[in-house]
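One chain comes next, on its own, written as structure tokens: the form predicted alone.
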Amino acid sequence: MPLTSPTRQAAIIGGGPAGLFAAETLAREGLGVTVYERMPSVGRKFLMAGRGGLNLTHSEDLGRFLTRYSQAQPILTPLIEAFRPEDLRAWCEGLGQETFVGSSGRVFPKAFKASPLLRAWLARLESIGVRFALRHTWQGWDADGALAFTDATGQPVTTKPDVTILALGGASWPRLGSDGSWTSILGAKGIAVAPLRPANMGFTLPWSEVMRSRFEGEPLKRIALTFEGATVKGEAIVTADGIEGGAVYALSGKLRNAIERQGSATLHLDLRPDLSQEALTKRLSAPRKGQSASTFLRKAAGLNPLGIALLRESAPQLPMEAEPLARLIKAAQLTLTGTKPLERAISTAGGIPFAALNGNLMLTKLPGVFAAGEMLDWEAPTGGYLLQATFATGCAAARGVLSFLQIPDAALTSNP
């Protein structure tokens, strides 16, 4: 049963997963909820993320899971502990979408794509009274403190709800709705927003013509990448002007920061992480018997043409001796010179600093205004960590609203 009169009104600005989850939480507690979205439909980036399989969360131990949030871990830990990966799975299954754990430990809906889940979710939101104002672009607040929008015709629209949750996303893939324009609105209110930067993105480096012409689009499988003491096993892909892929994304924050500090970053590439350097040296000590370098590396070290080309990028004159050649295969150097642009990044770093929020994710300078999702200043690698924190902050902001309105005993939406 609702705990309060529907005369209490909440505005959610942004129709991504953080905003929609906050809307569900508040509507279940009896608030009148309107979601304002500047695009013709909600959940566009959510659908985009699910094209190759919607990675909702991860099944690893929660303690290890929380370390994925790096500097934001202390702030995000209580929020994720209040809405854990198992809660997200239960919520998904409550919508009739079973989940499964993939071989990498990642969690997906059984349908794999995002569209069946989003359809079921929107049907639930409609059934509990959530209203949608589409093609409404937020302009900030008017002189009377009302939220100001322009509608699809360019006409002004204002509303003065009891509470507001901002869930406008970052600035990656702006054509899907999140363009970061909110930063200037909050800046005008005296809220210093950390600059929006790309996260989970590719990097540029000056490939040789051979690499560009022969290997663009080729995958690097079963590799390990190391930077600043952190090693990640996985896959990557060669692009015309650089490198991207899951293993690269996992190190992207450290790499980006180093490039910003010093103009470049040296990434070490292990082409045979399954072999120790000693075992590889033993293999490479075999007689060459007149074989070309490429043939010898293919047979003795198990390298494919792309792997051999990468060795030559790192050291145009390959060592002849077994030990230095093994060292090169285990730690080929790639000098990254820049990041791929923000609009092509998977996610965004920067945003509203947690120092500008209280423990309930309310902006201290704007009582009654809360924030959630990717517009907050945190980042995480792909692998289910992005969506988990997005949902958890949406839940936390909504529960912060309930606390602000002094509505007791709020129930989580994971327990419908």
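Numbering starts at 1 and follows the sequence shown. Keep in mind that this is a model prediction, so the values were computed, not measured.
Quick note: we don't show the form predicted in complex with a small molecule, though the next part is all about it.
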Stretch from 24-32, 59-67, 387-395, 351-359 whose residues place a heavy atom within 4.5 Å of the small molecule in the predicted complex:
387-395
Taking Phe215, Gly307 and Leu310 as a possible spot, do all three reach the small molecule in the predicted complex with a heavy atom inside 4.5 Å?
no
Proximity to the small molecule in the predicted complex, single hit among Ala111, Leu95, Ala194, Leu176 (heavy atom within 4.5 Å)
Leu176
Looking at Val248, Ile80, Leu271, Ala167, which is the one with a non-hydrogen atom within 4.5 Å of the small molecule in the predicted complex?
Ala167
Does the small molecule get within 4.5 angstroms of any non-hydrogen atom of Ile13 in the predicted complex?
yes
Within 4.5 Å, heavy atoms only: does Leu363 come near the small molecule in the predicted complex?
no
Give a yes or no for Phe370: in the predicted complex, does one of its heavy atoms lie within 4.5 Å of a heavy atom belonging to the small molecule?
no
Heavy atom of Gln73 within 4.5 Å of the small molecule in the predicted complex:
no
